[in-house]
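Next up: just one chain, as structure tokens, the form predicted alone.
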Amino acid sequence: MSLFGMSPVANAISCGAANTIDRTLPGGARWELCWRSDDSAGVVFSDIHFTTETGIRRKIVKEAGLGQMNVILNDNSSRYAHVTEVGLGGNNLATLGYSNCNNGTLRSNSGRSVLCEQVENRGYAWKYYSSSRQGSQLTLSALYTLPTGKYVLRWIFADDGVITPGMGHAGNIKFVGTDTNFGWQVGSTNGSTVVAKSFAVEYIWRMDLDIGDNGYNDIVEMLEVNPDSSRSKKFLNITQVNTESSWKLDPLRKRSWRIRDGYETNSDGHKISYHLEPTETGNVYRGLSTEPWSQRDLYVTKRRACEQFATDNVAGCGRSVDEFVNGEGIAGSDPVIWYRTSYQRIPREEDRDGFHIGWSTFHLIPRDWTATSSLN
């Protein structure tokens, strides 16, 4: 099944009760969305709508999920492409019990509980001297059991409209050798050094944002903060992206991207948008020349049904996401964002009885969604 296999929904949630999540948080903010299990991509979310505490309801996302998940051992002895090789759905999507979903609600697919829905406190929403506000969030999570370990999918939907997708690697040490150039010594057997091999996990997210309720007329903009020659000043530069493009992350210029509606504005007359804010620039995987997609971190393409997977795509219009970028115009259309996050796992002795969870995340932040704070 294609990752983007559902019909577009403009203003309503119509995926059936079993696949609908509709949760109002304690302060009054509301999240509505659909979810399903895809054989390849695992849990996929669609038709994501947010209603602010002040009662403004708009659509944010048409559909979003993982377009690929690659695992590469540091000694290059093994490489895995989990989405296309084994799939994240089916039996690889783990059955959850209530111990996996503390004080939450379990959601079922094909008779198995596979998605955990929780409402949680998130600490300070804001604080100014003696005034403060505690926030809340909706957390949706699932668990994948794969050849390279356990993986936790977690999407956080906060009461201020911020969305934080994330993947966490867990499980046990699976790959061992003897060469400390490619890992960390975690013991010995019969006098021989046991080295837990290091590896990189590359997550490639595929997100079709659909901002507002005016149809497919979104605009992508790149934001950079450029320092002058003295580094004493930093100038904001905003570039509209008119054709399919790709970029590397740039910590010096704080490169980020926003997707705005072509027409709809807030009450101040400013275009509503969501801003993709990278949070982890120290974990960036760059692969071999045979992995050209790994040389860029964000791709913007025009939506095409045959562009299903970021790598190992077999639908007839390019083998990987870098080949999808071929000069098509995207301004005022239905652009798709492909965003790469990476996690470098260097095991340690504390991991011998089970890895701590190593998270890879980013933020989708409302920008000019409202003219003032959406929190009452």
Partner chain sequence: MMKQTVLKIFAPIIVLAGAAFASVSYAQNTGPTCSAPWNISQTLSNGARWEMCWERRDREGVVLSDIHYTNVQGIKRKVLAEIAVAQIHVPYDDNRARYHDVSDYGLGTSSHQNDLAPADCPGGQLVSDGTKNVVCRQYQVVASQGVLGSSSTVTSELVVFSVSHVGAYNYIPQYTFFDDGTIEPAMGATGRLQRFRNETQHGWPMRSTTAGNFAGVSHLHNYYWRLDFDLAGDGTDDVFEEINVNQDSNNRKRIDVTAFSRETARQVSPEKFRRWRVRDTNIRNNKGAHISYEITAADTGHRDIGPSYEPWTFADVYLTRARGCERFASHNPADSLGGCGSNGSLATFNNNESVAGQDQVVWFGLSFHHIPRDEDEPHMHAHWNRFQIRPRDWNDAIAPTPTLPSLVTAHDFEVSTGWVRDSQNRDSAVAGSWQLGVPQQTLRRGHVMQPGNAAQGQSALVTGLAAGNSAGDYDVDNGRTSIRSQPIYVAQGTRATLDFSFFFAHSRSASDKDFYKVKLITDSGVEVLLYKKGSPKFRSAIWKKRSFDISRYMGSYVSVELVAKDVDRQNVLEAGFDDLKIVVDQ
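Positions refer to the first chain, counted from 1. Everything numeric here is computed off the predicted structure, so don't read it as measured data.
The same protein also exists as the form predicted together with the partner chain; that form is not shown, yet it is the one meant from here on.
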Residue contact check: Tyr263 to the partner chain in the predicted bound form, 4.5 Å heavy atom: no
Contact of Ile365 with the partner chain in the predicted bound form (heavy atom, 4.5 Å): yes
Distance check, Arg303 to the partner chain in the predicted bound form, heavy atom within 4.5 Å: no
Contact flag, Trp184 vs the partner chain in the predicted bound form, heavy atom cut 4.5 Å: yes
Residue among Ser136, Thr105, Asn217, Asn100 with a heavy atom within 4.5 Å of the partner chain in the predicted bound form: Asn100
Listed residue that, although the partner chain is not shown, lies within 4.5 Å of it in the predicted bound form (heavy atoms), from Met222, Leu96, Leu93, Val71: Leu96
Which of 119 to 127, 239 to 247, 82 to 90, 206 to 214 lines the interface with the partner chain in the predicted bound form (heavy atom within 4.5 Å): 119 to 127
Interface residues of 344 to 360 toward the partner chain, as seen in the predicted bound form [heavy atoms, 4.5 Å]: Gln344, Ile346, Pro347, Arg348, Glu349, Glu350, Arg352, Asp353, His356, Ile357, Trp359
